[in-house]
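Shown here is one chain on its own, the form predicted alone, set out as structure tokens.
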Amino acid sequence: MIGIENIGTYLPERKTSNYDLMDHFDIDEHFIENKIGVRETTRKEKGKKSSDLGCKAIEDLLFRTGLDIRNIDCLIAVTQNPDTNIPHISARIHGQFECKEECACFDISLGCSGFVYGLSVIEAFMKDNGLETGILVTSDPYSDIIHPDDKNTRLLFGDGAAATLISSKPVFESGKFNFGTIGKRYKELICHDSNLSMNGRGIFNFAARYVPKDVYAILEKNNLEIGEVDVFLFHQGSKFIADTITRKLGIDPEKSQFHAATYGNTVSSSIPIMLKDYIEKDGMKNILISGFGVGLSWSSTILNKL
């Protein structure tokens, strides 16, 4: 059996308060607290890159588990903002920790749906190749591509990373997965000349229309009713998006909370950052995770706590 054993995370200490930007963007407290839901965003140190944040998350994972990373069998990184075009950041991280030479390393270019896609990839890769220990890194510091005067992105996105330990001693076992793409709408969230551009209304409409349908589909695929799910971890695009999905599905708000108020939308790391809190929490049998955004793409699965 292969699944999630533990999770390490990294959120930079430096933060930017959205309340300090109210005059600059002509917004009020209601907009911050009830629309985007993000009070402050995390910002990495100047000069730090995706691999640096990924290494920090792995250090947290090693502290939590006592794992000797030099013995891992594979290291897969999810990012769309690598340090450089060549090489892949998983190779840089591999070199930083001096992992064994027999360790497989490669990157996956995905954004907000990347953790769920990556989870399916690494679990299948390990099962097919008889591997016992791997790490899935998610690291996408958007601050490098956000224009300081862009209200749609500056107020939402925070820097962060996660390192998920996948092993033969899992705490969570993945159920069946769902995937989807609307490639013709890729321009809704796109980077041109190192500047991120987002059609906020377009992203909201996409999430509100497609995610609830996908939730029902993944429940049916895993033979579950919506009431049998203990926690819903939706990608933290914004509080308004998360609340809309929760309301459309008729979910108890206690089971589907907004977690990113103090750090922002961390792209592919948003789900593992939330999931970390449930590793040692009792009474959680079924957790639904759903990532959606860049592409436009989505993916979901059910995590069963063992």
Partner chain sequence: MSNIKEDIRKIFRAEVDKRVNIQEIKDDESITEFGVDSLDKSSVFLEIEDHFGVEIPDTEIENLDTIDDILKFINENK
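Numbering follows the first chain given and starts at 1. Computed from a predicted structure; not experimentally measured.
One more form of this protein should be noted, the form predicted together with the partner chain, which is absent from this view; the next part is about it.
The candidate stretches are 255-263, 47-55, 273-281, 23-31, and the one lying within 4.5 Å of the partner chain in the predicted bound form by heavy atoms is 23-31.
The listed set Arg209, Lys100, Lys127, His192 contains one residue whose heavy atoms approach the partner chain in the predicted bound form to within 4.5 Å, identified as Arg209. Note on the partner interface in the predicted bound form: the residue among Tyr186, Phe177, Phe106, Phe204 having a heavy atom within 4.5 angstroms of the partner chain is Phe204. The closest non-hydrogen atom of Ser168 lies beyond 4.5 Å of the partner chain in the predicted bound form.
For the chain shown alone, Ser120 is not a contact residue for the partner chain in the predicted bound form, no non-hydrogen atom being within 4.5 angstroms. Under a 4.5 angstroms non-hydrogen atom cutoff, the partner chain in the predicted bound form lacks Arg64 among its neighbouring residues. Using a 4.5 angstroms limit between non-hydrogen atoms, Gln96 is distant from the partner chain in the predicted bound form. Heavy atoms closer than or equal to 4.5 Å to the partner chain in the predicted bound form belong, across 227-254, to the residues Phe240, Arg247, Lys248, ordered by sequence position.
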